[in-house]
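Single chain ahead, by itself, as structure tokens, in the form predicted alone.
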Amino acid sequence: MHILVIDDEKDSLLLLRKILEDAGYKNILTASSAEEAFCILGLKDECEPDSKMDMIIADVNMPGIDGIEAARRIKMHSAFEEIPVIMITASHDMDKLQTAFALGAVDYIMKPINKFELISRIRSVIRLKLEMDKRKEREHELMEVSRQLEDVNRILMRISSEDGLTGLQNRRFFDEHFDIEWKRAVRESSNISLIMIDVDYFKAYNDRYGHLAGDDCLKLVASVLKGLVKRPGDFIARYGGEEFVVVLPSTEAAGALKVAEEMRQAVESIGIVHEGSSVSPNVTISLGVAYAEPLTDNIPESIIAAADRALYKAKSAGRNRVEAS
């Protein structure tokens, strides 16, 4: 326990040191002025701090900077913000004492000093400080646990909304966020487009090359498609199996058809060999595009059904093509 005693009276300093040392407190530092105390605490540029301080006992009435002002300046520094200060006074001036408490003093003792009262007050303050330190430690631990929980929740949210194979958003994410985008379009009187995508003859691909190769194929196709979903509000999700869905808010049919055609060409051009396909020597995709103005088509299922019909049309018309609803 390191205690700093500040008092301009030499006899008072000696008495306080003796009382504290007799009570078992050995690390006692004394200062005969506020300026000397600032130096001991390392609050002056030319001074190094003497040691870690646990408590300050300061006389209220001192020439120059008094004990109250000294306590105020000391507590302005974050390192001493929580340090307990006990004021010593020979005056019954309650205004001064109220000012001292307002500035962070935790107790006061009247002169002449009664050693039993002084030690009792110090022990009470020490118990209070230990309790406060424990509480702060618990608060810090709780904050750390809370931060860890937030990290875990973020990971769980990502896992729950991410497709494990392709890294795209999954069907659950699509269901939730498409509904959000639909409602936003209703509020803002804007439009929305949807692209449904199916990998052509994917069952035949799996049968010929195996499921591991099929997984690699889906991952590569997903990566290509994701690279073409560029605007912040757009998103792509794995809809199920070899099906993908792209949501394009604030996009009219012409824009969605353009994106779909770019996707079709990009997938075919990567050249994943597919000897089981009857439309191309490489893996291809079929795409169905639907467009809606949510104010008129007021249920989100309507555009999903329309995109699905367009996809069926593309597959019926020979695959490796884009069709609109």
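From a predicted model like this one, the values you see are computed outputs, not experimental measurements. Quick note: we count residues from 1 along the sequence shown, nothing fancier.
What follows is about the form predicted in complex with a small molecule, which we do not show.
Self-check item: Listed residue (Lys136, Arg187, His211, Arg231) with a non-hydrogen atom within 4.5 angstroms of the small molecule in the predicted bound form
Solution: Residue within 4.5 Å of the partner: His211.
Practice problem: Tell me, out of Asn191, Gln169, Thr89, Asn206, which residue has a non-hydrogen atom within 4.5 angstroms of the small molecule in the predicted bound form. | Solution: For this set of options, the contacting one is Asn206.
Quiz item: Picking from 241-249, 126-134, 89-97, 76-84, which part of the chain touches the small molecule in the predicted bound form when contact means heavy atoms within 4.5 Å?
Solution: Flagged stretch: 241-249.
Quiz item: Does the small molecule come within 4.5 Å of any heavy atom of Leu218 in the predicted bound form?
Solution: The answer is yes: Leu218 has a heavy atom within 4.5 Å of the small molecule.
Quiz item: Quick one: is Arg319 in contact with the small molecule in the predicted bound form, heavy atoms, 4.5 Å cut-off?
Solution: Arg319 belongs to the contact set for the small molecule.
Quiz item: Does the small molecule come within 4.5 Å of any heavy atom of Ala71 in the predicted bound form?
Solution: Ala71: no contact with the small molecule in the predicted bound form.
Quiz item: Is Tyr201 close enough to the small molecule in the predicted bound form to count, meaning some heavy atom within 4.5 Å?
Solution: Result yes; Tyr201 sits at the interface with the small molecule in the predicted bound form.
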